[in-house]
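Next up is one chain by itself, shown in structure tokens, the form predicted alone.
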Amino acid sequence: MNQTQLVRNTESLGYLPNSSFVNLGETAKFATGHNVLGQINYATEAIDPKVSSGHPVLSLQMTDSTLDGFAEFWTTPRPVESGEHDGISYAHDGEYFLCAGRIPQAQEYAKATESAYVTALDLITTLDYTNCFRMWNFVNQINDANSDGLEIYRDFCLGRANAFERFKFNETEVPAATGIGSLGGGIAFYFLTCRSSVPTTIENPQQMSAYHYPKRYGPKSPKFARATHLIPANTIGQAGHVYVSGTASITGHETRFHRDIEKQTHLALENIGRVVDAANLSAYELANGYNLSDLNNVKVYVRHRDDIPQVREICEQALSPTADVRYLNVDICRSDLLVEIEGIVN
């Protein structure tokens, strides 16, 4: 009986995967002491995903300086099995699965995105980790036009939507997600899925669900939830984690406070607070509510480097002083958005 079979026959221990931010110079030391589902390097160079030291490693071109870079590790208390399939690197532990891929730089992305997503989703289905709760997508030249004049982010969204339709994702199954700019490397992505833990997709009552956006935002609307709440398998009444999608200065479906970084940052934080508070979560029959001070493992994406000090000051006032927060200078999914924020309540 192999390791995967052993894990499948073991009753769930009621755990969730753990996320840690690690300085790039300390990754080898960290990985040695953990069971790693995945290592995502927010670094100066885009490198295709590969299995290294028993887990997938994906390097994103997200900064011009190694001093601003970091690695995000996803770890588990269980032994991990890893592999590669048609350009997708992955690891799993019997309950949780992480996979990573890259779509090379191109003139248009819809077909390649659909193909890459289908490959990843087919692998997820084959290995029986069908509850997808979090996705990240990093899109170079995100606000530029493709060869047909369509904004690259909208081009990407078209391919993603087509893949989801092929796998018959309904509105309660689309995961929390981030779609953000990068400094190079085409489109990179990584997904987190699970086998039997219970995800609940969460929306913001002050925002239109992204999958209902009108046609002005592209041929097919972005397919993601504002957050996903995840409860470990075989647990009753245990608090879960809330995985908050990339969140910006939007109410309804419209960008607010054009060219005002201070107000955009405050509204992005208010939107996160609204998603995770008790009043909103109770609408999904979830007992626990949270505040911004409960948010951790925060990534803050800022369009203009000169705005980072002001954004940092606002975030430090709103978030817990113990929260691990990282700031990245990249473009946002709409050309009129200046900042986007994501994180985890755990």
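Heads up: residue numbers just count along the shown sequence, starting at 1. The shown structure was predicted, so the numbers you read here are calculated from the model rather than taken from an experiment.
Form predicted in complex with a small molecule: not shown, discussed below.
Residue 177 is the only one of 230, 192, 177, 276 with a heavy atom lying within 4.5 Å of the small molecule in the model of the complex.
A single residue from the set 183, 161, 250, 152 has any heavy atom within 4.5 angstroms of the small molecule in the model of the complex; that residue is 250. Proximity of 224, 333 and 340 to the small molecule in the model of the complex is complete: all three residues have a non-hydrogen atom within 4.5 angstroms. Screening 123-131, 98-106, 153-161, 258-266 for residues having heavy atoms within 4.5 Å of the small molecule in the model of the complex returns a single hit, 153-161. For the chain shown alone, residue 246 is a contact residue for the small molecule in the model of the complex, at least one non-hydrogen atom being within 4.5 angstroms. Interface residue remark: residue 137 is counted as part of the site for the small molecule in the model of the complex, having a heavy atom within 4.5 Å. Although the partner is absent here, residue 213 is a contact residue: one of its heavy atoms lies within 4.5 angstroms of the small molecule in the model of the complex.
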